[in-house]
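Form predicted alone, single chain, as structure tokens, below.
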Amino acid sequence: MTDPTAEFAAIQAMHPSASLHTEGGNPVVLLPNFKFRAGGRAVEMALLLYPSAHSGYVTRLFFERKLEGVGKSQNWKEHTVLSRKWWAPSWKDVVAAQPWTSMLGAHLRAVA
């Protein structure tokens, strides 16, 4: 079991505008204006890290916009989390028993 407060502090050290929320009793991290590489190009958008089970996956990373056909991502589906619409590809096996910073990187490999 991870300590959400400590895990969030590590995320916030990396991305100071991150904010910690809860949905259904689970921690959720909003990463506004997050910069990353997708399909070999620079992208900036809000991301939402869900470090526990959601919609049949052990962890999820939701994207503000769909990046269909980018990297190894497939089967993008729309979800509503924190009363907002998000997109997530089918990208599994990113385990919850790892630091959230590592989890974020493992999810971003789907669109790298």
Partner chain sequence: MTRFDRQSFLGADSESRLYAATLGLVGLGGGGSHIVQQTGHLGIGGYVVVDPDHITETNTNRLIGGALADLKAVTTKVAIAERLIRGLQEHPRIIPVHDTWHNATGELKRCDIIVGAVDSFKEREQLERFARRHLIPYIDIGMDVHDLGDKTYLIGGQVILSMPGKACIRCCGLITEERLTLEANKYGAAGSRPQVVWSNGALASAAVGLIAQLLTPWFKEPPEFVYLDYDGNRGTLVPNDRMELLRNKICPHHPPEETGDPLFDVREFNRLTADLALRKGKLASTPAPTSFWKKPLAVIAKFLGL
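Positions refer to the first chain, counted from 1. Just so it is clear, the model here is predicted, and its values are computed rather than measured.
Quick note: we don't show the form predicted together with its partner chain, though the next part is all about it.
- Among heavy atoms of Lys85, some come within 4.5 Å of its partner chain in the model of the complex.
- Interface residue remark: Lys72 is not counted as part of the site for its partner chain in the model of the complex, having no heavy atom within 4.5 Å.
- In the model of the complex, its partner chain lies within 4.5 Å of some heavy atom of Leu30.
- When its partner chain is considered in the model of the complex, Ala53 lines it closely, a heavy atom lying within 4.5 Å.
- Heavy atoms closer than or equal to 4.5 Å to its partner chain in the model of the complex belong, across 25 to 47, to the residues Gly25, Asn26, Leu30, ordered by sequence position.
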